[in-house]
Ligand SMILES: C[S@@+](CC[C@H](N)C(=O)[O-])C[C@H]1O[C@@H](n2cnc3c(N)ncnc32)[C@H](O)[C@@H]1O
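Listed next as structure tokens is one chain, alone, in the form predicted alone.
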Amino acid sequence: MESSLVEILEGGTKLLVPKESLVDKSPPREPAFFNPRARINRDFSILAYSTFLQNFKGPKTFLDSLSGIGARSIRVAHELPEVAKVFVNDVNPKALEIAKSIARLNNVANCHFSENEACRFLSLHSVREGRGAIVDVDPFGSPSKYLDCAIRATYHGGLLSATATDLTVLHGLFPSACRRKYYGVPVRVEYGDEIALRLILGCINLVSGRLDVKIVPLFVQNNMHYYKTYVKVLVRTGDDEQMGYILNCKNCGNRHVVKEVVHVCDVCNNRAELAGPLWTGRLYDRDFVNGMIANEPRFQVDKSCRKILERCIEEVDMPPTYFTIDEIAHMKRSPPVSLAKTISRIQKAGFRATPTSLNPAAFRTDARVDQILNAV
């Protein structure tokens, strides 16, 4: 089997990957799935996990429930020496054999391998002595069916990281499927990436509430067809309501958070759409993201990571939703103004405005759409 594998370097770890995955546009699933374009996703995981573990007091264990060839989990084992045990689980025995070869290649000795269905694996770790400081769920499609057992397998004060790749569902092409999987519906808008992330967080929050658990989002990240959320899990009930809706008016472009179901735009009085219910609280924790920035020089990660993290810091206290410069140009029927000039003009008009990490050509602001158009 190893004759069909090639060695690559990702971060500070050597990986053995199916050679077809490096050349095919859609990475094959045989003998095991590996997506080289998800490297940035894994780079951010290394930064997030290392930052989290600096302040975590319990046993430093990592549970990878859907490991594939172990690219993420063996990078954790090799690049984060503070992690005592790494549990690498997958239902594909071929993927696990590759993962074992990667562990040997990197002289990693603290990995424990298991061939099990993801929820079965997580259930076996849902006891006090077996829970993970960090639990990762990285499926094909939606993570929703794994969230219950993943939360149960996460240590009090631990970190749950969950990936979603079902973009057609999260972007509104299949509203009934989205309601079934995430308990909310999106609207098809320019800022769909943020709605998708808030739907994922909303789903995690609702499942957590049923288990008398509170979540605190620390970081979110999107890249290509990946959405990843990082939340701290606390065994206590939430004392503040962080769920609601995003009202979106297609007539004038107005959008903002509402707590109740309303369909009237407060700018133009036309009927508006609602996305949700979804998470309406913060997406980032300032101290946590600053910690990721401080840790970045320690690791061999993509150079774009730092720039994205710095944008997260700028927008951490800004209102939900963002505007793209092309969207504003379309509303004004004029060529787009650069992002820097747009932000500067909004700030000069007396409003707050920052770039957003979720879209390189977009900004957040506390100005309403009519105020933005006047300023620009």
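Quick note: we count residues from 1 along the sequence shown, nothing fancier. Keep in mind that this is a model prediction, so the values were computed, not measured.
The next section is about a form of this same protein that is not shown, the form predicted in complex with the named molecule.
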* Contact assignment for the named molecule in the model of the complex, among P139, G157, G281, P175, heavy atom within 4.5 Å -> P139
* Which residue among A103, L147, A118, V185 has a heavy atom within 4.5 angstroms of the named molecule in the model of the complex? -> A118
* Asked: Out of 287-295, 273-281, 204-212, 82-90, where are the residues with a heavy atom within 4.5 Å of the named molecule in the model of the complex?
  -> 82-90
* Close approach of K60 to the named molecule in the model of the complex, 4.5 Å, heavy atom -> no
* Going by a heavy atom distance of 4.5 Å, is A153 a contact of the named molecule in the model of the complex? -> no
* **Partner contact for R255 in the model of the complex: the named molecule, 4.5 angstroms, heavy atom** => no
* To do: Verify the contact flag for A71: yes if a non-hydrogen atom of it lies within 4.5 Å of a non-hydrogen atom of the named molecule in the model of the complex, no if not.
  => yes
